[in-house]
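Given next, in structure tokens, is a single chain: the form predicted on its own.
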């Protein structure tokens, strides 16, 4: 009788567990487990309160306590591999195609995750995630990361002062190639404002690149995710994967046209002369009233827009799109999580990550903070509490959770809501079979390093308009790139692209 009753109780527990989407691991959950995770950036001031709330949920649901740690941007190159090599208490860690995923997996630092493991320990995630995303994350057929279920759909943008554009009688600006009359008006009438006040990291090269993009298909550098530059790229309007050089037509003609235009801006004082030394991003200077243009993307510009509205600025957004109005979409592996090969509790970690990534209560908590304190939900929108700024949205490093679950924010400006709507409805973002491409640079690492330095040393001055002769500077650049080994890079990258496309069929 006792045995029969025990069977009935166990069956009931199984049904209850399945009903809430949680694997039935009654025995496994008896022992409390501490789960330690690492994300990137700086810990928000309000993190302890968020962690305390998260622990309440995780303890009740999974008998888990959690700890969140941060790897500062300046420490990323040194600390990330050290954490994985030292066998420290790390149960999960942020990873992405731009954040050491491929190289760490190749070194055996990450645990292989099978479909059976996902079905068993992460049923919510597995039911939500698409097969394409999982395929993008596979290396030689094996999966070592949990890619986000909501890859960012964003475009690069420039923002301008619509109030000043109207004040000086400048027609509406829909493409960056139409920007010069606005810059000229700012230079003539706003002595305390630089038309374009760019920095040496994010902004450098954007005035020229945005101009070039208006006339040709966008080229995506095969080493873009590594932070290196090659002067090569595949055309987002083609699926063949053919690599073009910046000196091939129609690109070199568009580059010359754009470089000469930016040179005129530099010579006329439309662009700050200290761009290669300046560390203040244009969007920050824009919000301070010091720049008439700000550069960013359709996600990171939101706070700038909110700040500008508070100051009474009328801001207009100009998307950076190619000659057919497109940009390549981000791959799912642009944000994700990996479990170290030495992790002590991978099963419980996956169960927690299933909640963190796909359970709405966990997701909202880690992204927006504590409901009733950091935010409220009213009229189908998330209203952030302006009096509480200790847990800023999108700044805590949990970019891999399911953003498709989020309601719109009540403080979105009309311009921000409009650009998000345009991205969705006008087809700005297009998929491409090479969006998740990762090039193994082992065979060309010396050439890659040398070519990247040549571009930094000689192309950046062309991009900011400081060279005396554009034609001569580009000719010299072409010679230096060839001497640095760009042909070897092109041959090796093309070989890997061809193999990648063949394997993806």
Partner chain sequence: MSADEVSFNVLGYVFLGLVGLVTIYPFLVLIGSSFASEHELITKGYPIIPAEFSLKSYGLIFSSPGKIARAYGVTIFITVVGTLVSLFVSSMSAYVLTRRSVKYRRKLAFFIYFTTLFSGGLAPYYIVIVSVLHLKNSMLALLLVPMFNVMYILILKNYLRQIPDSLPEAAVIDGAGEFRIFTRIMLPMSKPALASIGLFTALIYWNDWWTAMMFMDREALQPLQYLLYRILSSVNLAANIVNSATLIDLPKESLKLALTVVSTGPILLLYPFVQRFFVKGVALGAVKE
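Note that the structure is predicted; figures quoted are calculated from it, not measured. Numbering follows the first chain given and starts at 1.
The same protein also exists as the form predicted together with the partner chain; that form is not shown, yet it is the one meant from here on.
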Heavy atom within 4.5 Å of the partner chain in the predicted bound form - residue from 381, 324, 290, 174: 290
In the predicted bound form, the residue from 355, 283, 348, 161 that sits within 4.5 Å of the partner chain by heavy atoms: 283
Non-hydrogen atom within 4.5 angstroms of the partner chain in the predicted bound form for each of 222, 247 and 500: no
Non-hydrogen atom contact residue 405 with the partner chain in the predicted bound form at 4.5 angstroms: no
Interface membership of residue 425, the partner chain in the predicted bound form, 4.5 Å heavy atom rule: no
Contact flag, residue 168 vs the partner chain in the predicted bound form, heavy atom cut 4.5 Å: no
Heavy atom of residue 279 within 4.5 Å of the partner chain in the predicted bound form: yes
Location of the partner chain contact in the predicted bound form, chosen stretch of 390 to 398, 232 to 240, 248 to 256, 316 to 324 [non-hydrogen atom, 4.5 Å]: 390 to 398
Contact set, 312 to 343 vs the partner chain in the predicted bound form - heavy atom within 4.5 angstroms: 334, 335
Outcome for the Cα pair residue 386, residue 162 in the predicted bound form, compared with this form (closer or farther; change of 3 Å or more): farther
